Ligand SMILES: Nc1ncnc2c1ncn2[C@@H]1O[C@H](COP(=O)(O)OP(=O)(O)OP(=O)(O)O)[C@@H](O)[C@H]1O
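In structure tokens, the next block holds one chain alone, the form predicted alone.
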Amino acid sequence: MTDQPVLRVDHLTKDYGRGRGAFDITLAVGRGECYGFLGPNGAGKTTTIRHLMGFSKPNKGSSAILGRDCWRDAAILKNDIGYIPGEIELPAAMTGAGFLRMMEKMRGVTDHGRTARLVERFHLDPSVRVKKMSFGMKRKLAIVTALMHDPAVLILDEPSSGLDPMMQKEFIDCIAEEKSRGKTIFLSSHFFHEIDAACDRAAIIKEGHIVSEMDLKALKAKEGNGFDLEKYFLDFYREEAEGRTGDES
């Protein structure tokens, strides 16, 4: 990445006690780049994302998007960011269509055609009330909401969880298109194929610390068709565990 980064995290620390949180996180993502965030539950992925969204103030360090501080300028940044949370909480009494209209109004969306195309692409039935939607339908609604205003930056926390395989592929294709249009994408996922297919670089986070960062393009070029991200990830964890055991002996 040679250009000035669009998204930057500098020595970010949020300590919730008992080893929980995110510690000294530093990373940068450029324009037109998709950056993957891999790690087990409780590793610090969502904590990092909450700081990028301005939901939480760090104990130390900072995060910035488009040159603006994520905590101080959160309200200004909201129209430049498309966000899919890991846990979907939506107003149960509203229909999908009502929720989309509300979000369009809040974001000043005038191109209603973009929203309609996204609804069609992800096979979302907007006439259904949220309380009657399956988890997968709520996820589709969140995807459409995140993309409707054509934001410059996408922050995605387990974005395709709950989607069937066909819709997961459609989502990955959509992300590839957004990236080709110059979008900056930060993608946290448990799905190795999603990170492998969509991301240019990725970091492994464990117990709140980034323990490895990889250039997926370079690895694929080196390994060719033999590159397996899931095997790389599991081998890394095994080697790290064996190394720690060896240090203690």
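One-based numbering along the sequence shown. All values derive from a computational prediction rather than experimental measurement.
Beyond what is shown, the protein has a form predicted in complex with the named molecule; the following relates to that form.
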Let me know the one among Glu158, Glu104, Glu170, Glu178 whose heavy atoms come within 4.5 Å of the named molecule in the predicted complex, would you? Glu158
Using a 4.5 Å cut on heavy atoms, which of Ala43, Leu27, Met214, Leu66 is close to the named molecule in the predicted complex? Ala43
Are any of the heavy atoms in His190 no more than 4.5 Å from a heavy atom of the named molecule in the predicted complex? yes
4.5 angstroms heavy atom contact with the named molecule in the predicted complex for His11: no
With the partner left out here, check for me: in the predicted complex, does some heavy atom of Phe236 sit within 4.5 Å of the named molecule? no
Touches the named molecule in the predicted complex: Tyr16 (any heavy atom, 4.5 Å): yes
At 4.5 Å between heavy atoms, only one of the stretches 217-225, 194-202, 66-74, 44-52 reaches the named molecule in the predicted complex; which one is it? 44-52
